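To begin, one chain is listed below as structure tokens, in the form predicted on its own.
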């Protein structure tokens, strides 16, 4: 976690670097008993130590926290458990959607002043925890409650600007407290809906637009954390969104998972439902030169048994590596580019199916 100046004198993040497929992260919330409005709890609640052990044995190298799972007051004790498990903290994020009633009104973009102020305060508090205790690689701002629920419930123009202004305030504080050399890269995670009817930002384009509304001096410190299922919910092609973020130099982090259509945030294992998406995603990550932690955001299936607490995580990692092997062994980059350069869509389709099927 830090920023340095490039040859053009611009601040750029010094993100942790790994060989793609070497480092995987997941949140402690990706293991749990299940249950909800339509399903009962299926598995026992685990202690933090048990959860971390499951993450480690599933192939994870890093862990993620909300402040609801890792309170700032408990962070040092939690970090001891993380170190004992042989893990690192790749990402931390403040809960701006469920932590208190003020977030029912939204967060950075809210019409309610108290909600905006509390969003900034909690974000600052957890960035401090991420820098001073967790030594986290990135801080994620998930839009969560930010957005609106119906016609004329917000001033749309002001909502986008207020969201940018909230990020301005956070970055200005962070730079004053720690300087660019210790600043934590902030990654916006867009989502089109759920929990709000219309989330802001809804997709990668809106996230980049909000960054563009920020003060120029603060823009370098904010990028994106794109999630597969969120892109799918917005009717977007995840790999294309990665390409857009990469063109802007804003791929700070990624969350991989899967879903079955324009529905809700299913958080299925990466590659389970559409392995072709997994292959395209992995190849695109290679093309854009992503070399950070590959984070997985999935949930156990309702029918998973107590000994399958981390089955979706382990399967996601295996599917990633299966896709990576296919990309390495079956994709001829020169042939692919030749087909692209002639816009031979029929042959491109044939080639992609042959890559995925092996025939």
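As the structure is a prediction and not an experimental result, all values here were calculated from the model. Numbering follows the first chain given and starts at 1.
Keep in mind that the form predicted in complex with a small molecule is not shown, yet the notes after this line are about it.
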query	finding
Every residue of 24, 272 and 315 near the small molecule in the predicted complex, heavy atom within 4.5 Å	no
The small molecule in the predicted complex: contacting segment from 235 to 243, 71 to 79, 123 to 131, 136 to 144, heavy atom within 4.5 Å	136 to 144
Heavy atom within 4.5 Å of the small molecule in the predicted complex - the one residue of 88, 250, 162, 191 that qualifies	191
Residue contact check: residue 62 to the small molecule in the predicted complex, 4.5 Å heavy atom	no
In the predicted complex, residue 203 touching the small molecule (heavy atom, 4.5 Å)	no
The small molecule contact in the predicted complex: residue 93, any heavy atom under 4.5 Å	yes
Non-hydrogen atom contact residue 297 with the small molecule in the predicted complex at 4.5 angstroms	yes
